[in-house]
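First comes one chain, alone, set out as C-alpha coordinates in the form predicted alone.
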(Lines give C-alpha, C1' and ligand atoms only; values in the text may rest on other atoms or scores of the structure.)
Protein backbone atom coordinates (compact mmCIF):
# COMPACT_ATOMS: atom_id res chain seq x y z
CA UNK A 1 0.00 0.00 0.00
CA UNK A 2 1.13 3.52 -0.79
CA UNK A 3 0.44 6.16 1.83
CA UNK A 4 0.42 9.62 0.25
CA UNK A 5 0.94 12.57 2.58
CA UNK A 6 0.03 15.78 0.78
CA UNK A 7 -0.04 19.45 1.72
CA UNK A 8 -1.63 21.33 -1.17
CA UNK A 9 -3.55 24.55 -0.47
CA UNK A 10 -3.89 25.56 -4.13
CA UNK A 11 -4.34 22.02 -5.44
CA UNK A 12 -1.34 21.94 -7.78
CA UNK A 13 0.87 19.84 -5.52
CA UNK A 14 -1.98 17.34 -5.14
CA UNK A 15 -2.32 17.24 -8.94
CA UNK A 16 1.35 16.39 -9.40
CA UNK A 17 1.22 13.77 -6.65
CA UNK A 18 -1.89 12.15 -8.15
CA UNK A 19 -0.27 11.84 -11.58
CA UNK A 20 2.85 10.29 -10.07
CA UNK A 21 0.94 7.85 -7.87
CA UNK A 22 -1.32 6.80 -10.74
CA UNK A 23 1.76 5.83 -12.72
CA UNK A 24 3.00 3.77 -9.77
CA UNK A 25 -0.24 1.83 -10.10
CA UNK A 26 -0.62 0.62 -6.53
CA UNK A 27 -3.39 0.80 -3.95
CA UNK A 28 -3.17 4.18 -2.27
CA UNK A 29 -4.42 5.86 0.87
CA UNK A 30 -4.19 9.65 0.81
CA UNK A 31 -3.61 11.69 3.96
CA UNK A 32 -4.46 15.36 3.35
CA UNK A 33 -2.40 17.49 5.72
CA UNK A 34 -3.64 20.77 4.27
CA UNK A 35 -6.38 21.74 6.69
CA UNK A 36 -5.46 20.16 9.99
CA UNK A 37 -3.60 17.33 11.64
CA UNK A 38 -5.52 14.08 11.22
CA UNK A 39 -4.19 12.69 14.48
CA UNK A 40 -0.95 10.79 14.83
CA UNK A 41 -0.27 8.41 11.95
CA UNK A 42 2.08 5.52 12.61
CA UNK A 43 2.86 3.23 9.69
CA UNK A 44 3.54 -0.30 10.86
CA UNK A 45 3.45 -2.53 7.76
CA UNK A 46 6.99 -3.07 6.49
CA UNK A 47 5.78 -3.33 2.88
CA UNK A 48 4.07 0.07 2.92
CA UNK A 49 5.60 2.87 0.83
CA UNK A 50 5.15 6.54 1.71
CA UNK A 51 4.98 9.43 -0.75
CA UNK A 52 5.37 12.95 0.63
CA UNK A 53 4.39 15.85 -1.63
CA UNK A 54 4.77 19.46 -0.49
CA UNK A 55 4.77 22.89 -2.16
CA UNK A 56 7.71 25.27 -2.10
CA UNK A 57 7.19 28.67 -0.47
CA UNK A 58 10.15 31.04 -1.00
CA UNK A 59 12.54 28.12 -1.25
CA UNK A 60 11.36 26.24 1.84
CA UNK A 61 8.69 23.79 2.91
CA UNK A 62 5.81 25.79 4.44
CA UNK A 63 6.29 25.94 8.20
CA UNK A 64 2.75 24.67 8.74
CA UNK A 65 3.42 21.66 6.51
CA UNK A 66 6.63 20.88 8.39
CA UNK A 67 4.70 21.06 11.65
CA UNK A 68 2.01 18.67 10.44
CA UNK A 69 4.61 16.19 9.24
CA UNK A 70 5.56 15.76 12.88
CA UNK A 71 2.32 13.78 13.32
CA UNK A 72 3.58 11.11 10.89
CA UNK A 73 5.87 8.32 12.05
CA UNK A 74 7.51 5.60 10.00
CA UNK A 75 9.17 2.36 11.03
CA UNK A 76 11.72 1.88 8.28
CA UNK A 77 9.30 2.09 5.33
CA UNK A 78 10.63 3.29 1.99
CA UNK A 79 9.65 6.85 1.10
CA UNK A 80 9.63 9.19 -1.87
CA UNK A 81 9.76 12.96 -1.38
CA UNK A 82 8.43 15.44 -3.93
CA UNK A 83 8.34 19.22 -3.92
CA UNK A 84 6.35 21.35 -6.35
CA UNK A 85 7.31 24.94 -7.17
CA UNK A 86 6.18 27.75 -9.44
CA UNK A 87 9.11 27.89 -11.89
CA UNK A 88 11.40 30.12 -9.82
CA UNK A 89 13.57 27.73 -7.79
CA UNK A 90 13.09 25.07 -5.16
CA UNK A 91 16.23 26.18 -3.28
CA UNK A 92 16.47 24.15 -0.02
CA UNK A 93 12.93 22.73 0.03
CA UNK A 94 13.74 19.26 -1.29
CA UNK A 95 16.64 18.58 1.02
CA UNK A 96 14.58 19.98 3.91
CA UNK A 97 11.70 17.61 3.14
CA UNK A 98 14.12 14.69 2.81
CA UNK A 99 15.65 15.51 6.19
CA UNK A 100 12.24 15.76 7.87
CA UNK A 101 11.00 12.47 6.42
CA UNK A 102 14.20 10.63 7.36
CA UNK A 103 13.97 12.02 10.89
CA UNK A 104 10.39 10.71 11.11
CA UNK A 105 11.63 7.13 10.67
CA UNK A 106 11.42 6.58 6.90
CA UNK A 107 14.05 5.41 4.42
CA UNK A 108 14.15 7.93 1.60
CA UNK A 109 14.79 6.13 -1.70
CA UNK A 110 13.94 8.85 -4.24
CA UNK A 111 13.26 12.56 -4.54
CA UNK A 112 11.84 14.76 -7.25
CA UNK A 113 11.04 18.37 -8.04
CA UNK A 114 8.22 19.35 -10.38
CA UNK A 115 6.79 22.59 -11.68
CA UNK A 116 3.20 23.81 -11.45
CA UNK A 117 1.44 27.05 -12.27
CA UNK A 118 2.43 29.70 -9.74
CA UNK A 119 -0.42 30.28 -7.28
CA UNK A 120 0.31 33.99 -6.72
CA UNK A 121 1.42 34.93 -10.22
CA UNK A 122 -0.49 32.55 -12.53
CA UNK A 123 1.15 33.94 -15.68
CA UNK A 124 4.21 31.98 -14.60
CA UNK A 125 4.21 28.28 -15.57
CA UNK A 126 0.64 28.59 -16.81
CA UNK A 127 -0.99 25.22 -17.39
CA UNK A 128 1.70 23.17 -15.73
CA UNK A 129 2.03 20.34 -15.04
CA UNK A 130 1.51 19.77 -18.78
CA UNK A 131 1.85 16.78 -21.11
CA UNK A 132 5.66 16.96 -21.09
CA UNK A 133 5.67 17.04 -17.29
CA UNK A 134 3.44 13.95 -17.27
CA UNK A 135 5.97 12.07 -19.39
CA UNK A 136 8.69 12.90 -16.91
CA UNK A 137 6.46 11.93 -13.99
CA UNK A 138 5.88 8.59 -15.72
CA UNK A 139 9.62 8.03 -16.14
CA UNK A 140 10.21 9.01 -12.52
CA UNK A 141 7.54 6.54 -11.41
CA UNK A 142 9.25 3.78 -13.41
CA UNK A 143 12.56 4.50 -11.69
CA UNK A 144 10.89 4.60 -8.29
CA UNK A 145 9.12 1.28 -8.93
CA UNK A 146 12.49 -0.33 -9.62
CA UNK A 147 13.93 1.22 -6.48
CA UNK A 148 10.99 -0.03 -4.40
CA UNK A 149 11.59 -3.56 -5.68
CA UNK A 150 15.33 -3.31 -5.04
CA UNK A 151 17.60 -2.10 -2.29
CA UNK A 152 19.49 1.04 -1.42
CA UNK A 153 18.74 4.46 0.02
CA UNK A 154 19.05 7.87 -1.53
CA UNK A 155 22.06 9.86 -0.39
CA UNK A 156 20.35 12.97 0.93
CA UNK A 157 23.63 14.85 0.59
CA UNK A 158 23.33 14.38 -3.18
CA UNK A 159 20.13 16.43 -3.30
CA UNK A 160 20.47 20.04 -4.38
CA UNK A 161 20.10 22.34 -1.39
CA UNK A 162 21.93 23.78 1.56
CA UNK A 163 22.18 23.14 5.28
CA UNK A 164 21.44 25.27 7.16
CA UNK A 165 18.40 26.03 5.04
CA UNK A 166 17.76 29.53 3.75
CA UNK A 167 15.86 31.78 6.11
CA UNK A 168 12.11 31.44 5.71
CA UNK A 169 10.51 34.55 4.22
CA UNK A 170 6.93 35.74 4.16
CA UNK A 171 5.06 37.47 1.35
CA UNK A 172 3.93 41.09 1.92
CA UNK A 173 0.73 40.45 -0.03
CA UNK A 174 -2.68 39.17 0.99
CA UNK A 175 -5.91 38.47 -0.91
CA UNK A 176 -8.39 41.28 -1.26
CA UNK A 177 -12.15 40.91 -0.86
CA UNK A 178 -14.85 42.29 -3.14
CA UNK A 179 -17.57 43.01 -0.58
CA UNK A 180 -20.16 43.31 -3.34
CA UNK A 181 -19.54 39.69 -4.38
CA UNK A 182 -18.97 38.19 -0.92
CA UNK A 183 -22.14 36.67 0.56
CA UNK A 184 -20.42 35.55 3.78
CA UNK A 185 -20.87 31.84 2.97
CA UNK A 186 -17.72 31.14 5.02
CA UNK A 187 -16.18 28.61 2.66
CA UNK A 188 -12.94 30.56 2.51
CA UNK A 189 -12.76 30.59 6.31
CA UNK A 190 -13.40 26.87 6.75
CA UNK A 191 -10.91 25.99 4.00
CA UNK A 192 -8.11 28.30 5.17
CA UNK A 193 -5.17 26.15 6.36
CA UNK A 194 -4.08 28.71 8.95
CA UNK A 195 -7.57 29.82 10.06
CA UNK A 196 -6.63 33.37 9.11
CA UNK A 197 -10.14 34.32 7.93
CA UNK A 198 -12.87 35.33 10.35
CA UNK A 199 -15.70 32.82 10.09
CA UNK A 200 -18.33 35.35 11.24
CA UNK A 201 -17.02 38.06 8.93
CA UNK A 202 -15.10 36.48 6.03
CA UNK A 203 -14.10 39.89 4.68
CA UNK A 204 -11.58 40.07 7.55
CA UNK A 205 -8.21 38.34 7.18
CA UNK A 206 -5.49 38.17 9.82
CA UNK A 207 -2.38 39.20 7.90
CA UNK A 208 -0.09 37.67 10.52
CA UNK A 209 -1.67 34.24 10.05
CA UNK A 210 -2.15 34.37 6.27
CA UNK A 211 0.60 32.46 4.44
CA UNK A 212 -0.53 33.60 1.00
CA UNK A 213 -1.41 30.11 -0.24
CA UNK A 214 -4.35 31.45 -2.30
CA UNK A 215 -6.64 28.62 -1.24
CA UNK A 216 -9.36 31.11 -0.36
CA UNK A 217 -9.26 32.48 -3.90
CA UNK A 218 -9.51 29.02 -5.40
CA UNK A 219 -12.45 27.86 -3.26
CA UNK A 220 -14.59 31.01 -3.29
CA UNK A 221 -17.78 30.20 -5.24
CA UNK A 222 -18.43 33.88 -6.02
CA UNK A 223 -14.91 34.95 -7.03
CA UNK A 224 -15.04 37.48 -4.22
CA UNK A 225 -11.42 37.03 -3.18
CA UNK A 226 -8.64 38.14 -5.49
CA UNK A 227 -5.13 39.51 -5.73
CA UNK A 228 -4.63 43.08 -6.86
CA UNK A 229 -3.35 46.53 -6.02
CA UNK A 230 -0.26 48.47 -7.05
CA UNK A 231 2.21 46.40 -4.98
CA UNK A 232 0.86 43.19 -6.54
CA UNK A 233 1.11 44.63 -10.06
CA UNK A 234 4.68 45.81 -9.54
CA UNK A 235 5.79 42.56 -7.90
CA UNK A 236 3.99 40.54 -10.57
CA UNK A 237 5.62 42.41 -13.43
CA UNK A 238 9.09 41.75 -12.02
CA UNK A 239 8.36 38.13 -11.07
CA UNK A 240 6.98 37.27 -14.50
CA UNK A 241 9.92 39.00 -16.20
CA UNK A 242 12.48 37.16 -14.06
CA UNK A 243 10.85 33.72 -14.20
CA UNK A 244 9.41 33.33 -17.68
CA UNK A 245 11.97 30.75 -18.88
CA UNK A 246 10.83 27.16 -18.67
CA UNK A 247 12.40 25.06 -15.94
CA UNK A 248 12.25 21.27 -16.07
CA UNK A 249 11.65 18.65 -13.37
CA UNK A 250 14.59 17.00 -11.66
CA UNK A 251 14.81 13.76 -9.76
CA UNK A 252 17.27 11.84 -7.64
CA UNK A 253 17.26 8.06 -7.08
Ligand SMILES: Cc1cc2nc3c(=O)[nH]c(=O)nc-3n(C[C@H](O)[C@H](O)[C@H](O)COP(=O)(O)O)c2cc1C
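Numbering follows the first chain given and starts at 1. The structure displayed is predicted, hence computed values, not measured ones.
Below: the form predicted in complex with the named molecule, not depicted.
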**Study point:** Candidate stretches 68-76, 176-184, 147-155, 115-123, one within 4.5 Å of the named molecule in the model of the complex by heavy atom
**Key:** 115-123
Practice item. Let me know the one among 107, 104, 160, 88 whose heavy atoms come within 4.5 Å of the named molecule in the model of the complex, would you? Key: 88
Check your understanding: Is the gap between residue 59 and the named molecule in the model of the complex 4.5 Å or less for some heavy atom pair?
Key -> yes
Review point. Though only this chain appears here, would residue 197 touch the named molecule in the model of the complex if you measure heavy atom gaps against 4.5 Å?
Key: no
**Study point:** Contact flag, residue 171 vs the named molecule in the model of the complex, heavy atom cut 4.5 Å
**Key:** yes
Review point. Would residue 213 count as touching the named molecule in the model of the complex under a 4.5 Å heavy atom rule?
Key: yes
Practice item. Taking the named molecule as it sits in the model of the complex, which residues of 139-156 have a non-hydrogen atom within 4.5 Å of it? Please list them. Key: none
